[in-house]
Structures are given as C-alpha cells and as structure tokens.
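Here's a solo chain for you in structure tokens, the form predicted alone.
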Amino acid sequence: MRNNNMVAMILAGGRGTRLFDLTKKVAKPAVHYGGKYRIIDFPLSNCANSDISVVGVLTQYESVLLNSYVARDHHWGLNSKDGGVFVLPPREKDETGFGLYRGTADAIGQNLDFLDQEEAEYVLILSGDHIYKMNYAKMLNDHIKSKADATIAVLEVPLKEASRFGIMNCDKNDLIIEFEEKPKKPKSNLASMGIYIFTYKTLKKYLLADEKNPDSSHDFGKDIIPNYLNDNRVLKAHRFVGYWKDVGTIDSLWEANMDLLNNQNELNLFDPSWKIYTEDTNTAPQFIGEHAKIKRAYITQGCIVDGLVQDSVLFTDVKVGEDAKVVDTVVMNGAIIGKGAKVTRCIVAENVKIPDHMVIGDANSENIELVTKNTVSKVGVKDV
C-alpha cells in the first residue's frame, strides 16, 4: 500500500567532481561506502522503511552502472507489485546530444508525466548522495498536519558553519519566513538538507511556470522556494535529529567511514528496525592471518589480513600483506596492500595494488590523500 500517494524522486545526476577519480567513471551516488554499501542505498532504504513504494531515480552523468544497480529494486525491500524503482534519465539534450537536466527543478519538471501517471498527491524530493537514516512518513505527517504547500527538512548546524548552507529562518511554529542561500551573516542555524515534500498539484503549477522563465536557474533553492515565499505559500521546517553526512569531498567521505568505528555512532548500520538494503556480495568470509594485528577496525567480508590494521575501514575483498601497516585509512573494494607497505590517512581506491614496502600518506597531513593507480605509479618505493 502506497504511503498517501507520495512518490519519491531521488536526484542522482550530479558529477561529484570533488571526489576526483572516484567519480571519473562512476556516478557519485554509486560510490562505495562502509564496506559493502553504495551511497544511494541510504535514500532508497529510507524510502522502503518509510513505506514508499514508487521511487524515481533521476540519473545523468556516468550513469550506466548506477542505472543497472538501482533498477534491481528487490535489493531495497520495495514491493514491485505496488510500484518499484524507476530510472529516469534526461529527456532534453544539449548541443552535443548529451542528455541534460538544467537544474534540480528542471529534473522534476522533465518528469511531470511520470508523476501524473503515478497519480502523485505528494512528491518527496531527495538527494542521492547523502548518508543518513530518516523516516519520511513522519515528515509527511508533519506536512499534512501543518497544511503546508511545502515542507523542508532542516538540521541544526554550528552557527559558525551556517554560511556554508541554505538557511531557513522560521517563526515560533517552525513556519519558514525567509530562505537565505549561504548567507555571510546567518540569522539562524537551521540548514536545509535538500529534502522536500511538496503537495504535487501546487508544485506542478510552479514547475510549469519556471520552465517558461528564461531567467530562471531552474533550481529549487534559487527559484522554486523563493517563489513560494514571495507568493506567501505555507512552508514548514521539519527538524531532523540524527546522523547526516554530505560526502561531497574526499575528506568528508573518509570522515563518514571513520564514524563507523565509533560504537556510539547514530547511523548504526546494524539496527534491525531500520535495515539498510544493498546488493549482497557473494564472497568468502574474512580471514585474519597469524601475523595480523587488529586495533579498532571495521573489516568486511572477503578480506584477508596478515598485517597491522588500526583505526581503519576495509571494504570487500581487500588484502593486507604481512608486515604491512594500514592506519587511519579507508581501503575500497578489491585493493591490495603489499607486504611491508605503509598507508596512513588515505582513501585507497578500488582495485588499486600498492607494491611491497611502498609508503603513502602522512599521519600529520591536514588532508586525506586519495590513492589511485595513477598515484601509485608516481610514488617511489621506500623502506618502512
């Protein structure tokens, strides 16, 4: 049974350029996280756990792997008899023939026929590249109870960091009276999470009008939300409390993985009441060798460890050789750390082979180093 005819639309078409080589051939939402998961598993699982059965995933750049991955909707506990996961690539093309969404609002605007077909009463709009757990059904109840035209999920952030976000200024009833995009002097610390619920009938009118406006950026934050406010529409802030991470940079992706080492981490991937669905990997159990030393580590199935692993996360099928040292590091699927190699404060990309005795990374480095096949070819081998 569908949740009040609410259809979820996941925006999964961004380039993810700040993740460098990790998104060179793979869309950002398809990047691996936490051993066996992909980033998009989180919004998809949230939809399943919130009893939403119809989900559109709007893809664009480097989307071949992402398209095939999300189309197998049985991975996310979605009942395909009532709906399922639908891949929605752009309909419009640029001058080179490349399919293009001009902005977040345009992405939804190009798929109004899909929403009409699904008889949507409410539309939930999500980003496909954030890691968090959230009950969208509670947000919908807040939206309906408030008789809002739109409801926006907000998260309290430190005031000194508020200028990095879209900030919602609200009255005492959490009705939004002003929206400021990355203000230099923020009046509030309520940051938009990029999660919206719209009453579809009203949203459709605004999207059709926005499509005809040549001066529009076709963006929810820059155009649609300000237009709602200018027309005195009712906008409600829905306060979110819990773990939420935008993994848009190498450092933030590393941090999100390191958070898994904290027993008090609010994300809790092992919570049976809020399952995170993903593709099951058919591989052997992990094997810890006689020379291995493990200190505070998150080690996934298929790993073979015969060296030191400390304060690190190992994804599926990673191999750590004898006398190797992996410290404060995220090692992605299929990577091999050679004998006697030392890797510190890094993300090692998928299937990278670090030669024996190579030293990469620095415990005192301010930033996390991304180790790719190209990195390995440029770094000289030193004795540990």
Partner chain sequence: MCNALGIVSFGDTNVDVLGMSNYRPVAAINFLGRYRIIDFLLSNMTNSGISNIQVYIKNKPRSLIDHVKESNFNINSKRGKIHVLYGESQITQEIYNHDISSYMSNMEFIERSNKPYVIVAPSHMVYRIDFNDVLNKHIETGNDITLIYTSTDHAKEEFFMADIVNIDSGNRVTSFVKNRGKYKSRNISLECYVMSKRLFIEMVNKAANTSSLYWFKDIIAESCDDLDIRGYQHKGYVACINSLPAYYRASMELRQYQYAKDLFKQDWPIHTKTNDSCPTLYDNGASVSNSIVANGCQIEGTVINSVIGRNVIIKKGAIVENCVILPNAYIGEDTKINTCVVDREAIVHHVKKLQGTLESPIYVKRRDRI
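These numbers were taken from a predicted model, which means no experiment stands behind them. Positions refer to the first chain, counted from 1.
One more form of this protein should be noted, the form predicted together with the partner chain, which is absent from this view; the next part is about it.
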**Report entry** Candidate stretches 154-162, 261-269, 233-241, 182-190 - the one whose heavy atoms come within 4.5 Å of the partner chain in the predicted complex
**Finding:** 261-269
Query raised in the report: Do Tyr298 and the partner chain come within 4.5 Å of each other in the predicted complex, heavy atoms counted?
Result: yes
Query raised in the report: So in the predicted complex, does Pro43 come within 4.5 Å of the partner chain, heavy atom to heavy atom?
Result: no
Query raised in the report: Does the partner chain come within 4.5 Å of any heavy atom of Ile177 in the predicted complex?
Result: no
Query raised in the report: Counting only non-hydrogen atoms and a 4.5 angstroms cut-off, does Ala209 reach the partner chain in the predicted complex?
Result: no
Query raised in the report: Which pick from Ile276, Leu140, Ile250, Ile167 sits with a heavy atom within 4.5 Å of the partner chain in the predicted complex?
Result: Ile276
Report task. Could you run down 25-40 and flag each residue that has a heavy atom within 4.5 Å of the partner chain in the predicted complex? Result -> Gly34, Gly35, Lys36, Tyr37
